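Shown here is one chain on its own, the form predicted alone, set out as structure tokens.
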């Protein structure tokens, strides 16, 4: 019998961060020990969700908050999001301009479904977080990667952004701090991107999930400096609040002139057909934003130590070079002999995995043009694990 037909859009989906896991699982079945440095989930290591947030979830369930929530999100959570954005990022929004999502990934999905038609283009940073490529393609659009400059700590190339705008361009994506490079975009650069967007009547989508995980420099929200230019902000609870598996995020619309009203209404329609984000988790999310915040400083202090170790250790390995991340919890080192010793970065990653049991993500999974020849690793793991992983990597490179 013939297999049932599936859609081209579903067959085309790729997600390098998780697609690579299958290779590691096959080795585990053979009894091999794997060191996973591929997924940005600090809770998988030795970080834990703060107790008061866990308690808030228990309390919500036990008090009976187990109904369907409003499709666009519980009012109390949306109010707490507005309070947080004002206090932390200096952004003024109202609850009516907030939509609660099941993580930032769902927010990207909702946005692209509402914005993109066949042939539309979206400018995304290169390298980029893979769902921005995948969802644009899923809805028959074209993701166009703009260059970020490795020798300048992966800052966006403003001239390249300007050169890649076409009559089909619909939006410019900013991911700040950036995944996978760990770059923190400076205020001047973000302002220049906003100016280009205003000049060409383009929407700016600003992914700020790592807004509170920065090291030496201060994060500045895109909406804070946008003035009257429309911005859709994306953020969530996975990273700063260590709620990765809880799947809670949000979109907000910075829109002083009402230019995004129709987009917001269409996304609200989309939320209705998927019903709602998890109600008790939303209750806990409001407590997370209004409750004690001291865990964030201690988490960032510990991550800074792990960042410094990873960056230094990678640059000590012959054949590898790495810029210093200024935010998030990723390193994105360049592998000098990709193209000669290894055909591509995927071949390198599998060679390392098979010989050492250390799992990285191939850089080309974050965009072929600007990610190739690199790998992404997380530095969420304890120092002992990372030291072991990088020692094995160094031994492998010396062979």
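Numbering follows the first chain given and starts at 1. This one's a predicted model, so the numbers in the text were calculated from it and none came from an experiment.
One more form of this protein, predicted together with a small molecule, exists but is not displayed; see below.
With the small molecule left out of view, the stretch that reaches within 4.5 Å of it through heavy atoms in the model of the complex is, among 142-150, 197-205, 232-240, 70-78, 232-240. Residue contact check for residue 172: none of its heavy atoms lie within 4.5 Å of the small molecule in the model of the complex.
The small molecule in the model of the complex is not approached by residue 213, whose heavy atoms all lie more than 4.5 angstroms from it. Remark: residue 129 counts among the residues lining the small molecule in the model of the complex, judged by a heavy atom distance of 4.5 Å or less. Shown alone here, residue 104 lies within 4.5 Å of the small molecule in the model of the complex, counting heavy atoms only. Contact with the small molecule in the model of the complex, defined as a heavy atom within 4.5 Å, holds for exactly one of 224, 191, 162, 247, namely 247. Checked against the small molecule in the model of the complex, the residues 209, 289, 115, 184 give one hit for a heavy atom within 4.5 Å, which is 209.
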